[in-house]
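Only one chain is included here, represented as structure tokens and corresponding to the form predicted alone.
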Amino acid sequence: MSNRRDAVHAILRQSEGFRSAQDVYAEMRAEGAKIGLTTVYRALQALADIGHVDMLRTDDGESVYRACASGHHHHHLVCRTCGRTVEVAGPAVERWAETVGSEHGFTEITHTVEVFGTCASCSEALKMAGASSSF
């Protein structure tokens, strides 16, 4: 990997959740790195292409990235409130994708599945906030 790609990857490995290219760029610039936003985008895409980072699109269409926690194919549960992400296996999804693809004559099937919701911690915090404001 290139030095810049390594630096971008290092930022993501230190991060808890998904980060936008702009977030990564801003952090690198704040740390004194002389890097352009286009270079950050290219590094993120290259890291995604080789499987070192996960990329997903948010509800508003923005691409966000995080370092992969596992080296195998997986899906994500993502909290809409705090961004907490859990990698999950989806054997039923894998079988379904293969079946649907072959039923329609497709080969070399790939897919991406991201499930968005509210994590238990945020759900509890929202309940507590609602309970305290109802008095």
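Please read these numbers as outputs of a predicted model, since none were measured by experiment. Heads up: residue numbers just count along the shown sequence, starting at 1.
Not pictured, yet referred to below: the form predicted together with another copy of the chain.
Engineer: Is there a heavy atom of R84 no more than 4.5 Å from a heavy atom of another copy of the chain in the predicted complex?
Structural biologist: Contact check for R84: yes, within 4.5 Å of another copy of the chain in the predicted complex.
Engineer: Please determine whether Q14 contacts another copy of the chain in the predicted complex, using a 4.5 Å cut-off between heavy atoms.
Structural biologist: Q14 lies outside the contact set for another copy of the chain.
Engineer: Does at least one non-hydrogen atom of S123 fall within 4.5 angstroms of another copy of the chain in the predicted complex?
Structural biologist: Judged by the heavy-atom cut-off of 4.5 Å, S123 is in contact with another copy of the chain in the predicted complex.
Engineer: Quick check on T112: any heavy atom within 4.5 Å of another copy of the chain in the predicted complex?
Structural biologist: Answer yes; at least one heavy atom of T112 falls within 4.5 Å of another copy of the chain in the predicted complex.
Engineer: Taking L77, W96 and G105 as a possible spot, do all three reach another copy of the chain in the predicted complex with a heavy atom inside 4.5 Å?
Structural biologist: Spot residues vs another copy of the chain: full contact, yes.
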